[in-house]
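This document opens with one chain alone, in structure tokens, the form predicted alone.
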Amino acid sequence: MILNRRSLLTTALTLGATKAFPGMSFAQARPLVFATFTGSWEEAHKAVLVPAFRKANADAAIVLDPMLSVDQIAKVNAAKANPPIDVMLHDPGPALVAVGQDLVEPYPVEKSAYYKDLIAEAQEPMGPAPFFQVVGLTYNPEAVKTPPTSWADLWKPEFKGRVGITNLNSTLGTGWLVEIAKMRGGSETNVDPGFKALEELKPNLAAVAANPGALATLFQQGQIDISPGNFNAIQILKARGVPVEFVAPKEGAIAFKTTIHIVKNSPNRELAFKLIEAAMTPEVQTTLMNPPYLIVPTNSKVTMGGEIARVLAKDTTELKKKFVFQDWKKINEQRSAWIERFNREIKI
């Protein structure tokens, strides 16, 4: 038997779980595994959500496993009967895929204390949406003296070799492709104008990041000056002193829900439910709304304030009026083909 650091860590955590839950069989007694996203999401959940969950649940064992949604789905699909993940976090497109492939359970709404407090748009019976994300333009104000106002600014000659984007495995990358396609006459079902625009963008591209977290790192390393980006992702960079700002483009920033799901056949179903309950509490949502995380809340009992109210919207009603919501059911129909095309054609 080969023992490595990962197997030793897993063993230690499993023993801890057995101690915490003496009624569990050994097969069941592994820690709750929460697949969050990389970067700012991982940091926010590690600092706020996980401690709140553990405090409310006798210091229950939990492991964060950060990865993209597509990787979460692949991992669960590979072991449906004994999934290695208990809780998945998804943007709208992957959430539809996870539900369509029967990988998640209906949320037990009837026993939830907080589901009814979510705004109507966040009440998803297959997995509520405790968070809202907003995608616009991010830039380094020390290098970009005139703040950008449009997606089209990324093509300006002055940004030659200074633009960053993500690949299409991320919701950020795919959602942005759809918006630049729309800017040039396309739609959720026709992104050819978007791919033509990407071809024209190549002289300006400094990097194609693997995910939003890696994109944020490029700002930190000074390798890019401007990119499409998540509002909340840059807040942690700002808190670290990285010069970066966010602006909503005149075409409208992209807004999408982030849902959280109990994986079907999870051996930790009850703890998974309790983690999701913790994510919906006013206390956790208020903390995540404040610096450095600035994640848009969906609990109607949380009043928007601070930077979110100043930059994005003073409440969810204004948010829904100002921002672009995409049709992810249509996007999903062709997304795999778009990812293959992007990987084949967009190389720098």
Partner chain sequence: MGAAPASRDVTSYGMGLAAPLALFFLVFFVAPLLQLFWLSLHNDTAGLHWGLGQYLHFLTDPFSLGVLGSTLLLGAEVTAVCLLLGFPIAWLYQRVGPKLQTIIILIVLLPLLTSVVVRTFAWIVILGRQGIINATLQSLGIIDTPVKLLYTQFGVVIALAQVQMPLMTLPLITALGRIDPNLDDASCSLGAGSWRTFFRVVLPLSLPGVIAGCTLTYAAAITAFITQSLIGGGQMLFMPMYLYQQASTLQNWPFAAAISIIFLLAVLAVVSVFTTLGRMSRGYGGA
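Positions refer to the first chain, counted from 1. Model, not experiment: these values are computed from the prediction.
The same protein also exists as the form predicted in complex with the partner chain; that form is not shown, yet it is the one meant from here on.
- Taking the partner from the other structure, the partner chain in the predicted complex has a heavy atom within 4.5 Å of a heavy atom of L68.
- Of the heavy atoms in A210, some are within 4.5 Å of the partner chain in the predicted complex.
- In the predicted complex, A206 approaches the partner chain with a heavy atom inside 4.5 Å.
- Proximity of K238 to the partner chain in the predicted complex: non-hydrogen atoms within 4.5 Å are absent; the residue sits far from the partner.
- Contact annotation: the partner chain lies within 4.5 Å of heavy atoms from the stretch 156-164 in the predicted complex, the single such stretch among 156-164, 181-189, 226-234, 262-270.
- Just one of V242, V99, I119, A214 comes within 4.5 Å of the partner chain in the predicted complex, counting any heavy atom, and that one is A214.
- Only one of the listed residues (A248, V144, L198, L218) places a non-hydrogen atom within 4.5 angstroms of the partner chain in the predicted complex, and that residue is L218.
- Contact with the partner chain in the predicted complex holds for none of G39, R54 and K111, as no heavy atom of theirs lies within 4.5 Å.
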